[in-house]
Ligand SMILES: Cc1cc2nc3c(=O)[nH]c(=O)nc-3n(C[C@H](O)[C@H](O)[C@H](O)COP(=O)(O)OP(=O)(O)OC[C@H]3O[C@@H](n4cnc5c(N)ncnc54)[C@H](O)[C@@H]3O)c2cc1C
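Before any questions on binding or motion, here is one chain by itself as structure tokens, the form predicted on its own.
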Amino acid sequence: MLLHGSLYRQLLRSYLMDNVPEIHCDLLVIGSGMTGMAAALFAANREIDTVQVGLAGELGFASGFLDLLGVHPTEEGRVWDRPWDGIDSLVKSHPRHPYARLDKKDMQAALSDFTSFLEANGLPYHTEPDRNLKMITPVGTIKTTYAVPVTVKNGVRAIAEKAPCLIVDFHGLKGFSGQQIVETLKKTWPKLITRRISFPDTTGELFPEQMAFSIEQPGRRAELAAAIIPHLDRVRYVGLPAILGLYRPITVFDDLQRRLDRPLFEIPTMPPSINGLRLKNIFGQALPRRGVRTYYQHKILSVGYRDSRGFRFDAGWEQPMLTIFSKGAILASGRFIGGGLAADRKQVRETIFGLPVHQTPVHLTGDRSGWHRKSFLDPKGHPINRFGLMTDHKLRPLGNSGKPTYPNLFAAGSILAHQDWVREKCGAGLAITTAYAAVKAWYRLNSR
């Protein structure tokens, strides 16, 4: 007997819901952006039985730079060369900022553990003690950041020296313009030049992923080097868009640098970024080896609280495909792009637990008129950028009563209130350090 399509789908849905597999864990990490990956890593380091759920696409938009704190006060645009001094100043003037909840030694340990993990998995990072670094962005501005991939390190030196430098551009590569970089920086870096060449054995439009795969072949690197060498006269440094391999960037980087006989450096491209995809691949491969059970094509569909026994989560896409029983959870779902927050005509809401979102202007005006300022580039920033979850000192989200909503739920990253990570240039630092603090708080609470 043939079943009508809609009836068949209903029966299939009913069957799937009745046969959803169940798993148990101590800690569920909700989110697979920078914060979620960091939380899963730190949990694995403490040998916590961890499951991670999220849509693993956000890291592809990361530049690969790890910002700690670059700007404060944002309305003045003050740039800090010493990020830890900047954080001290930030915490004094904004005592409700998430950084004010953190111990500086824990923050330093978090960054050290995070970069050590990346180095152990083939992506070493460069930092300078207690100092921020300056590096070129794909539009030619200079960005202040805390740590960069080793493949970027020579660019930091080239900027500091204002040395003769060649920026290599490619016919057909969109979202990257050597000419724009040179024009933007020509007043402060007159010895910066650019040349546009053809990428070996390729015609038409180019994509960074395609180039990164291709350049992992030694023969292709030899061809690329041969195309660049005629332009190296009186050049001390060579900059390339970040295309030097997806899975073996250090091997590719070292080989091409040797062929060019010049210090080489990468410049991030517009998203999706190869630097971000490298991070995504490393975490996707290394976390399961450390015992983390990952479900990167799942999102949380519903939550049930089981008192002292923790939570029950239904996860899947359009319908439950997995039921997770967890003693506790870390909410690392991000803001609007990551889906952790959503806005309607009257309010901003947290999408998974229904937690109250701190949004003072709405309380004052009763509508959206207080969310934004009239000028898009207003030096004071938009109030909505600081909306988010309030927490206690252990990073447990607070309810309307001012007390933790759940004793074993923690929040980390950009979903936290009273920060403007884009304008403060602290996105990765906020993600990594609050993830570390949340895992540490969960561990202390559950290891008594």
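Start at 1 and count along the sequence shown; that's the residue number. No experiment lies behind these values; they were computed from the predicted model shown.
In what follows, reference is made to the form predicted in complex with the ligand, a form of this protein that is not presented.
Partner-proximal stretch of 388 to 396, 403 to 411, 28 to 36, 43 to 51 relative to the ligand in the model of the complex, 4.5 angstroms, heavy atom: One stretch meets the cut-off, namely 28 to 36.
State the residue from 328, 86, 155, 334 whose non-hydrogen atoms include one within 4.5 Å of the ligand in the model of the complex. The residue from 328, 86, 155, 334 that makes the contact is 334.
Does the ligand come within 4.5 Å of any heavy atom of residue 384 in the model of the complex? No.
Does the 4.5 Å heavy atom contact test between residue 435 and the ligand in the model of the complex come out positive? Because no heavy atom of residue 435 falls inside 4.5 Å of the ligand in the model of the complex, the answer is no.
Even though the partner isn't displayed, in the model of the complex is residue 62 close enough to the ligand, meaning a heavy atom within 4.5 Å? Residue 62: contacts the ligand in the model of the complex.
4.5 Å heavy atom contact, residue 343 and the ligand in the model of the complex: Residue 343: no, not in contact with the ligand in the model of the complex.
Pick out the residues of 125 to 158 whose heavy atoms come within 4.5 Å of the ligand in the model of the complex. Only 143 sits within 4.5 Å of the partner.
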